[in-house]
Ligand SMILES: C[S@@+](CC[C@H](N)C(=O)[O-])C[C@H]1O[C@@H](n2cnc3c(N)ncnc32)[C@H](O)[C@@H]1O
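Next up: just one chain, as structure tokens, the form predicted alone.
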């Protein structure tokens, strides 16, 4: 496909997304209808679609319309490229600009539009981040880095880097964590590389790795990953050895790949149904990586930024309160309750800890840390609490 044809395909997919279809579903549908497209075309199309979704408001302003065509026009203008070279109407290209389109478009207004945030969310971001809000919003307009975690149960960073290089994947250690590698060239090869297939590395965000580094894992005893999802944090904790790691999720299907991932990583992780938690308790460490807005990771899932509503945020906060209350009952005396989110919003972070401690005065916060989205990873929050 030519660059002009890719631009036209992206505009088509974006129109479907703007009409309410999930981006991944729209991209898969396009690929099935477009058997002529190669892997490079599919990758380029995906990049165009997600670049546009990250910057939907500002690009619509520049392009003069909240349409797939308008977003692609806005992207070209943002990049300083001449639209007339790609919107030619020839072959599979988009039609040429109309006189109205040449006059349309303007610089995005300062504040939420230029920062690509919903109007209602901007004050919350300012309250949560203060003078860092604009910088964080700017980071969320760009692509996230591809980060790997070295599996210390099988390799050290040097061995992992050498194995990746065998498959043409160039990475380098990242200071966010002693296990973190940032991929430069060859990111799309990772899933088929020997280093990945043999369990020397796992795909894991840098800030997520740093979050695990902050936890003081018990040398013996038991750890529960209470909201395990796919089990990335369970694998990271198990790789450090010592304690027995168990994983639970309210939707067990999310953990379906965890046994195979654990076998590949050379670690043991026991999965628990909700009904089995009480019998397995108490735990020396209970980690709650709670469901959240994902605001710290909107580079990876930009639709979440536009789909979040005030009502949904209230619902998420209530879910987070419930998780903390339930998980606290599973912690051993002198054990640690750890609460984490990939959110940058105070409502989901400090406010939830304050509400929990207010309702449970026998618990106290012993540590807290934030990570803003940046060159090494997503936005994360971690608070650790102990009873007594």
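Numbering follows the first chain given and starts at 1. Because the structure is predicted, anything quoted here is derived from the model rather than measured.
Keep in mind the form predicted together with the named molecule is missing from the figure; the text below concerns it.
At least one heavy atom of residue 323 is located within 4.5 Å of the named molecule in the predicted complex.
Among heavy atoms of residue 248, some come within 4.5 Å of the named molecule in the predicted complex. At a distance threshold of 4.5 angstroms between non-hydrogen atoms, residue 266 is out of contact with the named molecule in the predicted complex.
Within 4.5 Å of some heavy atom of the named molecule in the predicted complex lies at least one heavy atom of residue 289. This chain appears without its partner; in the predicted complex, the one residue of 282, 229, 118, 108 with a heavy atom within 4.5 Å of the named molecule is 229. Only one of the listed residues (233, 299, 149, 305) places a non-hydrogen atom within 4.5 angstroms of the named molecule in the predicted complex, and that residue is 233. Look at 138 to 146, 249 to 257, 121 to 129, 193 to 201: in the predicted complex, residues with non-hydrogen atoms within 4.5 angstroms of the named molecule sit in 249 to 257.
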